[in-house]
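We begin with a single chain expressed as structure tokens, specifically the form predicted alone.
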């Protein structure tokens, strides 16, 4: 396996180098888009087994968002669900022989972290306006502005470091064991890698959801909180 800091360049488009991680990412995005279109193009009031399974997945996602943050899931369902599915498929792509998962590369995880960072800003501004979002950095008092800015940067940085470290280490362990013990011994480790990939995708999506709803609730006036936690 190549070093995670040294991506394999497959070809060039002008001055832009296209690496294996980029091509794999494009392939995963194409699979998700085509799969979503194929699975949702024929929906009916009397759901088939396929539609019932999809509705169960959406309901489970909505439940996770509500139980984790207390927020109404509708505004976040598309982004969080897509984020989870992409990371999950990217992590599990390590099971394809000769293919390194794009999440084992720094640039992919950094891009995902930047995407979460920008989504926090987007949802925060959409909920409370630019002024409401900026006021969150002065909570509980203006003295905390530098620390709050640093907190927003470091927590997103920690997300991509965690994802990168766990996925990369799993790929390295399986590769080392396969080279030393043959093809059959690493099978239990591959099963463990599947579980690790699922857990890492779940953690990343949950952290993104927590950061987004925190920005929304902090920046929305207390007299008008459409996404505030439900009262018991």
Partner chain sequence: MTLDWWGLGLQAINVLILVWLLSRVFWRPVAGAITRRQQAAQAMLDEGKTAQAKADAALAEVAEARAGIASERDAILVEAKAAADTVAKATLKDAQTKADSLIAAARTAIDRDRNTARKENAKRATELSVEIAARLLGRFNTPAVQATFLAQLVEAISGLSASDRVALIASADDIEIITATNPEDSERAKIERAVKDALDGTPNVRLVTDPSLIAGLELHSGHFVLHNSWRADLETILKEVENAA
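Numbering follows the first chain given and starts at 1. The shown structure was predicted, so the numbers you read here are calculated from the model rather than taken from an experiment.
Absent from the display: the form predicted together with its partner chain. The rest refers to it.
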Legend entry - Option touching its partner chain, based on a heavy atom within 4.5 Å in the model of the complex, out of 120, 110, 72, 88: 110
Legend entry - in the model of the complex, residue 40 touching its partner chain (heavy atom, 4.5 Å): yes
Inset, instruction - Classify residue 114 as contacting or not contacting its partner chain in the model of the complex by the rule of any non-hydrogen atom within 4.5 angstroms, answering yes or no. - result: yes
Inset, instruction - Consider residue 26 of the chain shown here, and say whether it contacts its partner chain in the model of the complex, taking contact as heavy atoms within 4.5 Å. - result: yes
Legend entry - Partner contact for residue 142 in the model of the complex: its partner chain, 4.5 angstroms, heavy atom: no
Inset, instruction - Please state whether every one of the three residues 32, 45 and 81 places a non-hydrogen atom within 4.5 angstroms of its partner chain in the model of the complex. - result: yes
Legend entry - Residues of 17 to 31 having any heavy atom within 4.5 Å of its partner chain in the model of the complex, listed in sequence order: 17, 18, 21, 22, 25, 26, 29
